[in-house]
Every structure is written in structure tokens, then in C-alpha cells.
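Consider the single chain below, provided in C-alpha cells and representing the form predicted alone.
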Amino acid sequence: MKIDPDSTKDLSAQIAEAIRAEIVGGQLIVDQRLPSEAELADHFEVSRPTVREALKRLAAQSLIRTQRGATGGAFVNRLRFEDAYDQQVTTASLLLSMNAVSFDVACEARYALERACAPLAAQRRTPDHLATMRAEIHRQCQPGLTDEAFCASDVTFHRALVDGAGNKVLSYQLAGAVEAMQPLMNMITFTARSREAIVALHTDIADAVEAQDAAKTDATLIKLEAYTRELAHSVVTARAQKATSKEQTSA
């Protein structure tokens, strides 16, 4: 494990990256105890607080865990897909917000990824996945459901479809698409959309998945994407017209 003392990059970040590389490369294996803070400080020729900060970075990524007591210390963690979902969602959300990704780009990516899961979901979905989808459809039909609750239900419905593919790698990769892109699109379209139309499309998707009809599942997702784009464009147009009208009134 090495760092570059002449680099302008933060030393704790360099140390974290060096240890991370050892974990990813298999030099440090699951449940192996890392050298102590003092040993790491001597190895990297830095202070113990710098090492401590590096270990905090690794713990935040769920790459290590710490234990107290005589047999305690920092240990290589077994990173599970479920533990990494939140990081994937956070990263996707930041990328979308910081890079001003357009609605059309986000929409295209989000549905292209979900449609890749559709054939597998139609083939492998379990009764639990179907039950979740049906439960969310029922929830979406409830009168008095807030926009926030409807959006959350929308995400849960599509999460069940993705998880129904029975592939943990796909579920992890699509965590950002469903749980970051979907809320972003909901924020833009919720004022214009028809809940009845969304429920009808969701019902068609659930029916197709239950019937193990991959083609119909895909076709309905295409319809949902077209409807989502149509809503977004209508919202943008309405906002532009309102702004123009306001300017004309002010003039």
C-alpha cells in the first residue's frame, strides 16, 4: 500500500484509496483485520488522525467495520448489494442534479434500463413481486393520497418490477434509475399527469408480468415512457407560456 506524499490530493483520501485497492484486489480478504491505526500511521508516515479519517471514509463506503474490545479493530466488511443501494441512489441523484441532465436524457436512460429487465421479470417474477405491484396499484387508487405518497408508491411499483428480474447486479445498477431518476421525473410531471392513466398503465404492466408476457410488458413500458415525455413537454410549454404572458403584462 503506497501513497504519493507530493500529490495535492488529501492524504486521508489517498490512504483510503490504497486500502480500498487492496480490498478490491483481494490482498485484504473479507473479515481480515487491518493493521492498527498506529501501524498504518507508521506505514504511510502520517499522523493517526489522518489514518482515522481514512478509515472513516472506508466505513462510510461499507468496506470496513470496526469492533471494540481486546479483539477489536477495523475489519474488511462483506459488502452486500443491499448495502450499496443507497450509495448508488445518492450518486445518481448527485450526477443528475449537478450536471443538469435534461428530462429527455434521464427519461430515455431510465426506461431503456427498465425495459432491459422486463423480459427477465416476466419470466422470473415471484408471487411476492406481483403482490407488491398489485398492492401499490391499489394504494395509488386511494382517494386523498398525497402527491408525495403517490410518487413513493410509483417508485415502489417499479422497484418490484426491476427486482422481479431476479438479478442482484441488475437490481443494484437500476437502483439509481428507479429511485433517483423516477422521483426527478415525478417532480416535473406530477402536476399534469392523470393518476387514472398511470394506474391503468401500471395495471397493464402487472397483468403482463403475471401472464409472463415479455412483449406486452415491454410495449406497455414504451407507452408509459411516451406518456411521461408528453407530460413533461406539456408542463414545459405551459411554464413558457405563463412566463411570456407575465412579461407581456409587465411591459
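Note that the coordinates shown come from a computational prediction; the quantities given were computed from them, not determined experimentally. Residue positions are given as counts along the sequence shown, with the first one as 1.
What comes next is about the form predicted together with a further copy of the same chain, which does not appear here.
Sort through 128-136, 155-163, 142-150, 93-101 and report the only stretch with a non-hydrogen atom within 4.5 Å of a further copy of the same chain in the model of the complex.
The contacting stretch here is 93-101.
Just one of E53, D218, E210, D204 has a heavy atom within 4.5 Å of a further copy of the same chain in the model of the complex. Which one?
None of the others qualify; the residue that does is E53.
Looking at a further copy of the same chain in the model of the complex, is some heavy atom of each of A197, A200 and L231 within 4.5 Å of it?
Judged in the model of the complex, none of A197, A200 and L231 sits within 4.5 Å of a further copy of the same chain.
Does I23 reach a further copy of the same chain in the model of the complex if we count a contact as any heavy atom within 4.5 Å?
I23: contacts a further copy of the same chain in the model of the complex.
With the cut-off set at 4.5 Å between non-hydrogen atoms, does H43 touch a further copy of the same chain in the model of the complex?
It does not: once a further copy of the same chain is placed as it appears in the model of the complex, H43 has no heavy atom within 4.5 Å of it.
My question is simply whether I188 lines the interface with a further copy of the same chain in the model of the complex - judged by any non-hydrogen atom within 4.5 Å.
Heavy-atom contact with a further copy of the same chain at 4.5 Å: absent for I188.
Closest heavy atom of L34 to a further copy of the same chain in the model of the complex, within 4.5 Å or not?
Close contact is absent here: in the model of the complex, L34 is far from a further copy of the same chain, nothing within 4.5 Å, heavy atoms only.
Select from 70-97 the residues with a non-hydrogen atom within 4.5 Å of a further copy of the same chain in the model of the complex and write them out in sequence order.
Those in contact are V76, N77, R78, L79, R80, F81, A84, Q87, Q88, T90, T91, A92, L94, L95, L96.
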